[in-house]
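The chain below stands alone, shown as structure tokens; this is the form predicted on its own.
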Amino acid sequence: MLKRQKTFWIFIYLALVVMGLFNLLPFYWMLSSSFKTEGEVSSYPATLFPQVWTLGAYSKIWFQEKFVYYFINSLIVSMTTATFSSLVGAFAAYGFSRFRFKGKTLTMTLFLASQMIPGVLLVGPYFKMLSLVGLYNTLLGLILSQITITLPFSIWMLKGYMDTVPVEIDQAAMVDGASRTRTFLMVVLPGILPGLVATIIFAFLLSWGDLLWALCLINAKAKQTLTLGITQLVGEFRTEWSTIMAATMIATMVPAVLYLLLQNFLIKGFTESAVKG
């Protein structure tokens, strides 16, 4: 019996090692290639470690290619989308969690159904509508289009967290003289803070990694996002892979740093939703 258990755990650890290598090797290759010269990246056979370490790709992508503007555009779009959809989603989730009204179940079902529609089917109608109101090729138009994707997701997530907060807490606060809005802001919202942070992170990541909407709704180079800017690095006759890897590393570091800073809230939010849900 002990031998079987030992064999089982050896198999589990080997499987975890294989999965870890499968996920980390592409990231290591991207990191390693970003520090290589263009000639070394294209050389054969490939080198596992850079023979000559250089920051030339990062310098070129940040200053020569003007990626700083793409980076700022992505931050503006992602932070605005995540903040607006999470805050509005919190108010909407509170209403769905605390009040009874006609069409409540149908509305929530429609929110859920909207997440099942492929984004590529919505690009055409959004392109037409934004063009009619003069918001095509603007960051505001891109933000509004992405909010329509992240807002239903935020409402569904936050409603689940709202349901874990007892209604008696609301009633006790209002008995003490607090208004409904003050009760929500001062009592309920702090109680679901881990869930709110988790929702903000997911909405931010959905917006940060978007390419389809930016590709179809943004045309001016000065308003391009980071993901769209990376695609412009693939040339018709030549592709500078070290520069692409450096740009991808820059784009990857923002979600990584965001997760490291907020991982305690994120883990706590997942744990609470798993236990109470």
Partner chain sequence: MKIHDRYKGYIFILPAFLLLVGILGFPALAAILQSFNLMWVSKPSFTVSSYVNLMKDKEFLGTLLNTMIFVSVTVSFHLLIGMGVALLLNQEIKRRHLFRVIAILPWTMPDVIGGLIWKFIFDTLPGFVNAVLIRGKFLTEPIDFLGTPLLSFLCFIFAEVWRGYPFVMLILLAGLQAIPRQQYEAGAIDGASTIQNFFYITLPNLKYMVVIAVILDTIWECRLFGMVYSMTGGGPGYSSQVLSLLTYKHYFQFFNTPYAASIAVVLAVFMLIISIPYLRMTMRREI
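Residue numbers count along the first chain shown, from 1. Between two forms, the rigid core is defined as the largest C-alpha subset superposing within 1.5 Å. Source: prediction; values computed, not measured.
The same protein also has a form predicted in complex with its partner chain, omitted here; what follows describes it.
Between the options V68, V52, L55, L211, the residue in contact with its partner chain in the predicted complex by a heavy atom within 4.5 angstroms is L211. Using a 4.5 angstroms limit between non-hydrogen atoms, D163 touches its partner chain in the predicted complex.
Heavy atoms of W29 reach within 4.5 Å of its partner chain in the predicted complex, making it an interface residue. A residue is said to contact a partner when one of its heavy atoms sits within 4.5 Å of a partner heavy atom; L112 meets this definition for its partner chain in the predicted complex. Its partner chain is not drawn, but in the predicted complex it has a heavy atom within 4.5 Å of M129. Using a 4.5 Å cut-off on any heavy atom, the residues of 83-114 that reach its partner chain in the predicted complex are, in sequence order, V88, F91, A92, Y94, G95, F96, F99, R100, F101, K102, K104, T105, T107, M108, T109, F111, L112, A113, S114. Shown in the overlay between the shown form and the other one, fitted on the rigid core, is a CA shift at W29 of 2 Å or greater.
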